[in-house]
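Below, in structure tokens: the form predicted alone, a single chain.
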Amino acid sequence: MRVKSLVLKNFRNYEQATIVPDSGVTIFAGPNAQGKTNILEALHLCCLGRSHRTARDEELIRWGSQNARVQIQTAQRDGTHEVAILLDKNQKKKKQVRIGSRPAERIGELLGHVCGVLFSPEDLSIVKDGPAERRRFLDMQLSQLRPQYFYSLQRAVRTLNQRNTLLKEIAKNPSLLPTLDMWDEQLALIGAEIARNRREAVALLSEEARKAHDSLTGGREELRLWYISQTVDAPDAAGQLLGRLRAARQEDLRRMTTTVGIHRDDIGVTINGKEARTYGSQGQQRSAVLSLKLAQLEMAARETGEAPILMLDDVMSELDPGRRRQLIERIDRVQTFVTCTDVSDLAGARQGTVYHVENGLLSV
């Protein structure tokens, strides 16, 4: 997949911008707080329909404006794809997605039209923070590649919320207890499906991340990932999860929340056999996350048959020369968008267009 053009209107600090990227590495260079990351945020928005920095879409609209637009055109094996994201403070529906000339009825219809992998400073939370960040990382990857997974995940969240609401209502009205069986069965079925997808994905990511990390560290470090779940890997996974839910029922009623299920799952991450979250240095954690992102590239290419775009937000300055050199060798294979304060950080890369960014204005 290749991005042919990206157009911004009233997005963040850009009044108007048109970007025609190189097929290799396109660089956005300039001092901090000038709008470099906003371009990658716009690309990410086209991939998943959401920002990686905020859950509030109105924050994406330029100060003083009422609406914003991000439009992207990509070339893929099956032809040209065009996606537009429209944001409007005054409309009842604040965000609209258009695919070609038609409006999308659901955000899930966007998935797959633009596939990308973003590495930003915030992504260190994948290793440093709790299980929720690792689940989010995995769910976003799978949602891009398997739209059906996205819809399954939505159903799982709704079912979990409804079960938790019912647990609270039972505390007030015990006669509702028999209705819990129905929600347990639904949660077990959808949970087993999601866990199966996650387990498959982690197995693929683990092997690719191990190879990427070995390359980045010159063989000095071994990165290992594995899926941690209450849901077993067995033909009757749904039945076994249902059994766990029923065994935990009294505890759930006492706490008025669901204590068993995929919302408690995690990804184990170790470097040289030690837990990366607790024992990894800042540099090791950064390299581990970067290896995960490179593994995402390989997984996406394998599942879709074509490489996604890669977005690197000010990553080069944080790497030592050896790891930087190894990364540069890898990004030459895919269309890459890089932000940096100093273009010399990318010495040795097959550089294409360099955009200089200053206060929301681009110059070549």
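All values derive from a computational prediction rather than experimental measurement. Numbering starts at 1 and runs along the sequence shown.
Although it is not shown, the form predicted together with a small molecule is what the next lines describe.
- With the partner omitted here, the stretch from 315-323, 30-38, 43-51, 291-299 that lies within 4.5 Å of the small molecule by heavy atoms in the predicted bound form is 30-38.
- When the small molecule is considered in the predicted bound form, Leu310 lies well away from it, no heavy atom lying within 4.5 Å.
- Taking the partner from elsewhere, Ser23 is found to have every heavy atom lying beyond 4.5 Å of the small molecule in the predicted bound form.
- When the small molecule is considered in the predicted bound form, Ile61 lines it closely, a heavy atom lying within 4.5 Å.
- Proximity of Asn13 to the small molecule in the predicted bound form: non-hydrogen atoms within 4.5 Å are present.
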